[in-house]
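Here we start with a single chain on its own, the form predicted on its own, put down as structure tokens.
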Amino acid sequence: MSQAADAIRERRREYYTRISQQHLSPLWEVLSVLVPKQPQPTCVPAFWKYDDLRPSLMEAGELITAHEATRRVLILENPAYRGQSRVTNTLYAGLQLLKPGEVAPAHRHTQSALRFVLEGRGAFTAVDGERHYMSPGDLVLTPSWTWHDHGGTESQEPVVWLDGLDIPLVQMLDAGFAEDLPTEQQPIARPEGDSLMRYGANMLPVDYHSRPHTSPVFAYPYERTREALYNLSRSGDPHPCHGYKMRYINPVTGGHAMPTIATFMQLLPKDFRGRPYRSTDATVFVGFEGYGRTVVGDRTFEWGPRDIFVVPSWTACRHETQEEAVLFSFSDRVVQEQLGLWRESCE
């Protein structure tokens, strides 16, 4: 019996070697990896304490100008993807610094981007002819193939924000394009707040023609977001896993604000003890208000304002607080939902 088994194994090895020369391989040898019983994430839990990162970011501001760098950013690399510019398997994240008087020159690219402001005031982001002067907690979107530049011309202090982009996803699709504007800054065609006034009041101009898939509002001020969270918290009990969690939306469709990146803000009440939660979208969290603790798999992250952490796909996490706290987060959930793949579990 053993000799027969050895003989068939040898025949198979010879067969695999031979068909490899035809660029073929046997599915039955890898089926359990290709079609697993449940997600097997390669992304790992990761944590960055902002106060530890800030000195390195400020040092970068002494070593290179925003103009020289095009974008002066320190990339947050997931430990599982060193050298690949990934914070999760499909998303990129980085900390961008703009000093007073600087300009990050105008360009556009097929990758979609978000900016979540962490520190400082007075710098602007301009998107397709409109500027938004940034404050901490603001969410600013840069839709695919829109001209955008950043300027610190009216700031009196360094401004830092978290960049989130779908770079790994676009790389996988081989769909990356980029273009520089001949001038350092784009022409301004509309007053600040124009898009929010036009599209942010549950009404639309009658002649509005939508940009496919992306919100016409590109700046979501934190004061309005915080008010929405507060009002939600007064309306009922918190979700057992999320507390009070809301998603940023496209006011035209009611769907996600961007086609490839889902964005969220949640309020965790004082003394919150969340139940374990799992979902298929690896998620990047940012502490904004207060302090808390999140257990991710077998790791525990003690976070405060501006700290950043990653929860991999289908990895149990639960949030705990002793005081009221606010978390921002983003993920590829919108892509998974469109493909019918997204799944969650609140235990």
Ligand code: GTQ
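In this text, residue numbers run from 1 along the sequence as written. No experiment lies behind these values; they were computed from the predicted model shown.
What follows is about the form predicted together with the named molecule, which we do not show.
- Checked against the named molecule in the predicted complex, the residues A219, L165, A126, L118 give one hit for a heavy atom within 4.5 Å, which is L165.
- A heavy atom within 4.5 Å of the named molecule in the predicted complex is found for exactly one of R71, R190, R247, R198: R71.
- Here the chain stands alone, but in the predicted complex its contact with the named molecule, taken as any heavy atom within 4.5 Å, falls in 90-98 among 267-275, 202-210, 90-98, 127-135.
- Heavy atoms of R226 never reach within 4.5 Å of the named molecule in the predicted complex, leaving it off the interface.
- By the criterion of a heavy atom within 4.5 Å, H107 is counted among the residues contacting the named molecule in the predicted complex.
- For the chain shown alone, H256 is not a contact residue for the named molecule in the predicted complex, no non-hydrogen atom being within 4.5 angstroms.
- Remark: R86 does not count among the residues lining the named molecule in the predicted complex, judged by a heavy atom distance of 4.5 Å or less.
- Contacts between stretch 329-347 and the named molecule, counted in the predicted complex as any heavy atom lying within 4.5 Å, involve no residue at all.
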